[in-house]
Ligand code: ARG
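Form predicted alone, single chain, as structure tokens, below.
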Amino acid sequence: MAVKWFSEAGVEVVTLTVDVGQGADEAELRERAVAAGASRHVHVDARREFVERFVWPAVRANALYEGKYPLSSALSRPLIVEKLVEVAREVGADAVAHGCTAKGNDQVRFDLTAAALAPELKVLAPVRVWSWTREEEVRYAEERGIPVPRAHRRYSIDQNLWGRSVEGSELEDPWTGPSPEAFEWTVDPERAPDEPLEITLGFEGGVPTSLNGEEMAPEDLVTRLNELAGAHGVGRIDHVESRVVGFKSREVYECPAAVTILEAHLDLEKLVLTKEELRFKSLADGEWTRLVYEGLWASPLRESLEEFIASLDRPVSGEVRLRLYKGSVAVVGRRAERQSYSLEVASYDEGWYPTDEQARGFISAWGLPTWLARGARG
């Protein structure tokens, strides 16, 4: 619609699609862009780059915004802007445009990243100018012969390899349960297979590299895990979210691979890292996640935190065994090349055991500040 709007105003438009795993047909997109008035269409396959440069750092950071959202859409935006700026400079454009509304988070992510990477380019947002409702947008498209997928008539949908987000329609009422029509990647947990599925994820340096013992390309591993976990109802997220722009929104997500991988990664970290490392890393993880969600990917702090998180995760290599069953994912086994866990120390049956004297000495030293404080207060 924006392409048609610009072309009717006499503006030359070069369109760009960045494939981050949304499943769109390249030929169809090119045909639609040209039919709407674009002088040229550029397609970039960035699936592997998306996983390696954006998704894997999110895994290392255990990135769940407000404890639930795996940042699926938020992670794709800075990569899309990078490619947008590259193409704009290549064709000699004086501006870039996006389709974000004035109420969403994505406008912040697009505008801020574009300004950081290419301050010489204007950023245009026609949807912010229109202030149309979804029904008005559909009507505008239909009047000009622009086909609108049926799913997008009812909901606002965004998807990539890391997840699928759905909002709008009945979902705007937080009391109303989502319609079965909202879901595509996950089966209803109640209708998932009666037999659980066990899988094994192999990790190196904090990121998954193999599934059930098979080494896989990053984008293939995520895709396959989306299929396996989604078939068992894993990955549905219903979340009231605090947006960057100041209000809350109800969001429904499908993130089968993300939910599964993050559960496995956090568990493996607990086996490998020390108590102090885990405690401090959780602070860095939370701040990294907030910066990405709020559109501050270009922030120097995000870059520094990412380096710190990656350094802590270097020894996080091993395997995690998980059970997928009717919407749940549970870790049932884990082993690592380097562990902070020691069976000899932890076992109650044999091995190391402190003496009564050692135990009393530890408890006395550990409790001293508490005893002194209570004594000082009478």
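In case it trips you up, residue 1 is the first one in the sequence shown, and so on. Owing to the predicted nature of the structure, the values given are computational and were not obtained by experimental measurement.
The next section is about a form of this same protein that is not shown, the form predicted together with the named molecule.
The named molecule in the model of the complex comes within 4.5 Å of no heavy atom belonging to residue 297.
Not displayed here, the named molecule is approached by residue 69 to within 4.5 Å at the level of heavy atoms in the model of the complex. Put simply, residue 113 is far from the named molecule in the model of the complex: not one heavy atom of it is within 4.5 Å. Taking the partner from elsewhere, residue 240 is found to have every heavy atom lying beyond 4.5 Å of the named molecule in the model of the complex. Heavy atoms within 4.5 Å of the named molecule in the model of the complex map, among the stretches 87-95, 247-255, 188-196, 262-270, onto 247-255 alone. The three residues 20, 47 and 162 each lack any heavy atom within 4.5 Å of the named molecule in the model of the complex. For the residues 176, 210, 282, 156, the 4.5 Å heavy atom test against the named molecule in the model of the complex is passed only by 156. Of the listed positions (81, 229, 166, 221), a single one reaches within 4.5 angstroms of the named molecule by any non-hydrogen atom in the model of the complex, namely 166. Of all the residues from 289-313, the single one having a non-hydrogen atom no more than 4.5 Å from the named molecule in the model of the complex is 293.
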